[in-house]
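The chain that follows stands alone, in the form predicted on its own, written as structure tokens.
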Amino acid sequence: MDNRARRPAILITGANGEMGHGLIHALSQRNADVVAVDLHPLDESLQPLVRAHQAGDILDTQLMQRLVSKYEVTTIFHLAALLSTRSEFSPEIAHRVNVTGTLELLRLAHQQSTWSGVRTKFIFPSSIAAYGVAGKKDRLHPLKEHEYTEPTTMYGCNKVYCEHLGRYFAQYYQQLAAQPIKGGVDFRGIRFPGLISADTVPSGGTSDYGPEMIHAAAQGTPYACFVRPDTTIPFMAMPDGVKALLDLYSAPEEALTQRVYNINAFSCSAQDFYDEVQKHFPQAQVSFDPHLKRQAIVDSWPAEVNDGPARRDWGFSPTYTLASAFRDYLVPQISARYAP
């Protein structure tokens, strides 16, 4: 293939999601050429910010090959996924989307690198769902990346396996080939905590009880929280999540000591969320009505994680605490969203 005919670009899958919105805005400020793919047509507000956008399935190999015939993909931000709660209802579909989709994109990244001779960056949002700590949660220290990776959900299993696929493509794929392989895949993963966004409505994640509570309070509608008040997991405001992706993307590969990193901003309970909501929305109507299955999923995730390697290797440092996330980011933007 004649690379001179193709324009370098960054590919983002799942571009319409909560993280896709923030990432596209941030990359547009860097004047990056972005090609966005999502199952649905790209949000109209994002379309002027990208080089090209395409509605389609990441499992459609013909679609993906058409894109790479036009663009030299230097980096892939693979955000597309079937989230945790939905994956439990459709585990076979979750496996196809989350695992087969990732595998095909890793192969595409490797293909791109063999054409260019330069390693293709592959940025992968993993999840706290990669852990499985059911029955031990209250007795654990902040977990490192290699500890308790025995998830109890299909989504968690998918994420752990894709982390291993990424390591394989980055370090071992085609090592035994007869001819030396130029380039390769520079896989980098982040295990995200629960993410809270002011820009988009939550869409099916098991950690979405926090943001759902805030959005309901801003609209003046009652909300039944689907976990117990004492349920505690790590969280992060979406701008810090997007910044983490970009910081890891920008880090020199030689500075990285591992392929997958924990990050965390603050650990808090559902009651902590409710207390903050009441400070800013005194009329909020919130009840607690735990959903057995969803509660079990959250109970299998740790209350805290160790993110020391991310802070050491690529300077991860979140801006927002729980209080400042509400005060400076969530309440102003969400209130404006639902203003008359």
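Quick caveat, the model's predicted, so the values are computed rather than measured. Position 1 is the first residue in the sequence shown; the rest follow in order.
There is also a form predicted together with 2-amino-3-ketobutyric acid; it is not shown, and the following applies to it.
Quiz prompt | 4.5 Å heavy atom contact, G205 and 2-amino-3-ketobutyric acid in the predicted bound form | solution = Yes, G205 lies within 4.5 Å of 2-amino-3-ketobutyric acid in the predicted bound form.
Quiz item: Going by a heavy atom distance of 4.5 Å, is I128 a contact of 2-amino-3-ketobutyric acid in the predicted bound form?
Solution: Yes, I128 lies within 4.5 Å of 2-amino-3-ketobutyric acid in the predicted bound form.
Quiz item: Is there any non-hydrogen atom of F122 lying within 4.5 Å of 2-amino-3-ketobutyric acid in the predicted bound form?
Solution: Residue-level check for F122: no, no contact with 2-amino-3-ketobutyric acid.
Self-check item: Touches 2-amino-3-ketobutyric acid in the predicted bound form: F169 (any heavy atom, 4.5 Å)
Solution: The answer is no: F169 has no heavy atom within 4.5 Å of 2-amino-3-ketobutyric acid.
Practice problem: May I ask whether F187, A251 and W314 all come within 4.5 angstroms of 2-amino-3-ketobutyric acid in the predicted bound form, judged by heavy atoms? | Solution: Answer is no for this spot.
Quiz item: In terms of non-hydrogen atoms within 4.5 angstroms, which of the given stretches 93-101, 77-85, 161-169, 253-261 touches 2-amino-3-ketobutyric acid in the predicted bound form?
Solution: Within 4.5 Å of the partner lies stretch 77-85.
Quiz item: In sequence order, which positions of 140-163 have a non-hydrogen atom within 4.5 Å of 2-amino-3-ketobutyric acid in the predicted bound form?
Solution: Read in sequence order, the lone residue that approaches 2-amino-3-ketobutyric acid (within 4.5 Å, in the predicted bound form) is Y155.
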